[in-house]
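In structure tokens, one chain follows: the form predicted alone.
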Amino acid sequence: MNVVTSHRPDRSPARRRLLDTATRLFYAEGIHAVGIDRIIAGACVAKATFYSHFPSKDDLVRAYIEEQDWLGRTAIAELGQLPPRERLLAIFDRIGEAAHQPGYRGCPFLNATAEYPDPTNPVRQAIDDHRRWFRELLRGLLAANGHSDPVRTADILIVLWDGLLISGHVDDSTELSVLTRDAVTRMLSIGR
């Protein structure tokens, strides 16, 4: 889950550099702590180039969040067509893997939510879109696995997911993989 820059095709090399620079800086230092001038300098573009791609910093932040969403969906798609139970476990195993990566600073969506508390802000709406997608994914996998209450259990797993993402950043992450597997296994067995 560590934030990485994308190899996703982009409309222009300058836009790609801006987004890659913003991604590194936003994740490492926080969104509000990083100014546009620093992103422009890091991307080696002119201010006019920045504004031709992103009319405001919030437009850049939204693009950053949307790309993190795309990367998350891609990572889950790359798990392949595992049976529902194994796919659920594999999704949660990603937390343990992410927490061991150098520079792991928690979930980019949760980090951004702390900086964008207004639910009407377009950045926050992009975060909420990602969370809706993830919740629906979990519900579908739980239902396909024959869980008796996939809606409530998906909500519980979201809370667990959020807690594990934070724990991976603030606590010793060496036990995170084991704790994650144990927690999800227990939740899956409750509804059978």
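Every value quoted in this text rests on a predicted model; they were computed, and no experiment measured them. Position 1 is the first residue in the sequence shown; the rest follow in order.
What comes next is about the form predicted in complex with the DNA, which is not displayed.
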Go through 126, 141, 34, 165 and name the one with a heavy atom inside 4.5 Å of the DNA in the model of the complex.
34
Taking 4.5 Å between heavy atoms as the contact cutoff, choose which of 184, 14, 25, 176 touches the DNA in the model of the complex.
14
Tell me which stretch of 130-138, 150-158, 40-48, 66-74 has a heavy atom within 4.5 angstroms of the DNA in the model of the complex.
40-48
Although the partner isn't part of this model, could you tell me whether residue 57 comes within 4.5 Å of the DNA in the model of the complex, counting any heavy atom of the residue?
yes
Residue 53 near the DNA in the model of the complex, any heavy atom under 4.5 Å?
yes
